[in-house]
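Just one chain is shown here, as structure tokens, and it is the form predicted alone.
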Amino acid sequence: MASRGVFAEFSHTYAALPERFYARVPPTAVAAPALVAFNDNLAGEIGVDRSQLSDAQLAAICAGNHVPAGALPLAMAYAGHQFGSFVPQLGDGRALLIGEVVDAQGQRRDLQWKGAGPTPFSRRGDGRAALGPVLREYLVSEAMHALALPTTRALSAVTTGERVLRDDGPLPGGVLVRVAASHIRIGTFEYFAARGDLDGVRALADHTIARHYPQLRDDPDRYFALFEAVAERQSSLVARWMQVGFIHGVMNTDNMTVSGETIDFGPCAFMDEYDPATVYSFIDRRGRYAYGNQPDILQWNLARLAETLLPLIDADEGRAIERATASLQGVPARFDRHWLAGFRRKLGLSVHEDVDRALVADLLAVMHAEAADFTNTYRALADVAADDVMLPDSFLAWTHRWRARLAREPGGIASCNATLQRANLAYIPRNHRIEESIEAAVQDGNFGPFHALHAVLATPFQSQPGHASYRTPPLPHERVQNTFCGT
């Protein structure tokens, strides 16, 4: 059943690609969809008009029971390296691209149901999503947006009135509507390259350039330029993850977008105590995707993308490998440039000095030795700069060096307080708070904690009276040891 008058207009540039890029699949209706959350601000950006709809009608659309007019649902094909091992066919096993819209800034964006039923890529799965992972993705993706990090967005979350069977038993079902610059992944390129389908790789590269890097369209060396552009965006993205203590948890090549957006929030987490070896993902038994390993995995994943583009970079395989290798060897420097710039901002530094790198590294070393809370330590720097509070004694020697460095900034120490507060978070989606909100929703049908946490995370840089508890690290019995994909 089509629902009219909700979206201004759909377009379908991805569906215009050859049919081997996707499978056309309708969503599978659910028993009793009910709206949990709807992102009115995002809806306004992408031209969604809900004014003539009741919550029940809106829930039916967001669950996939009613297909919006002009939509062409499809499941995208892709492959991927998962924990280092190549899987030649993955694809959207529980997600369907609804269509594309052009937002208020003129940017094309995908809308996608997540949890809308089985597809040809489901690999014997049910194609459904449990409510808990839907709520986690809604909270964390919108928190990432509030942090001004490139990310997919959440338009809506609904319950389905059905149960899904998972390892820990039957759970309430949910459906998320996700908004993204696109859903093209490194694994999408791998899908065609693994089949020896050079025409497919070329068509995908041309589509990616038109969609995300139109300035390269007339570049005679555009495929190499495409790789370098993706490397730059992903280097910036991972550096920004590091600056907020974010651990993606499953940096497989099918979870890394060529647009440079954060995607897929199943086992993700924000660090409490600073430790580069921190891992939360239950399936990451060897720590491949630990916090401190993310820069190395960035380079590894980009190498897999480069491999798919070699025939397009140069017809001479040797020259193509030489050029791609040289570019890949430059990835650590790309990342480091973004990493150092971001951590310098976190210390309130704007004028470059050679001592800054050591200042950043030494603070992290003290934080690690003292098991200091990552977010709260950086947030406290504004008060330390103003001499309103002292860090623990173990930080004193570093603090003296830092204050001396601040004194050499334009305007001196007095000018740094506001800069530090703008650069350092007061609130993150702490793991124990997310789990509390999910447990209340799943076990008791109580969405109050979910909505309260979402409201706090909407303004993460501002101290909010009455919400100090959201800044407090977990007590020992509140610690979350593992996070899960939820698939």
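For clarity, every value in this text was computed on a predicted model and none was experimentally measured. Each residue number is its position in the shown sequence, starting from 1.
Another form exists, predicted in complex with a small molecule; not displayed. Remarks below refer to it.
Proximity to the small molecule in the model of the complex, taken as heavy atoms within 4.5 Å, picks out 251-259 from the listed stretches 191-199, 374-382, 354-362, 251-259.
Shown here without its partner, the chain carries 90, 94 and 128, all of which come within 4.5 Å of the small molecule in the model of the complex through at least one heavy atom. At the 4.5 Å threshold, heavy atoms of residue 417 stay clear of the small molecule in the model of the complex, well away from it. Taking the partner from elsewhere, residue 122 is found to have a heavy atom lying within 4.5 Å of the small molecule in the model of the complex. Residue 78 belongs to the set of residues with a heavy atom inside 4.5 Å of the small molecule in the model of the complex.
A residue is said to contact a partner when one of its heavy atoms sits within 4.5 Å of a partner heavy atom; residue 323 fails this definition for the small molecule in the model of the complex, lying far away.
For the candidate set 264, 142, 110, 272, a heavy atom within 4.5 Å of the small molecule in the model of the complex is found for exactly one residue, namely 264.
The partner is absent here; in the model of the complex, the one residue of 346, 166, 207, 304 having a heavy atom within 4.5 Å of the small molecule is 166.
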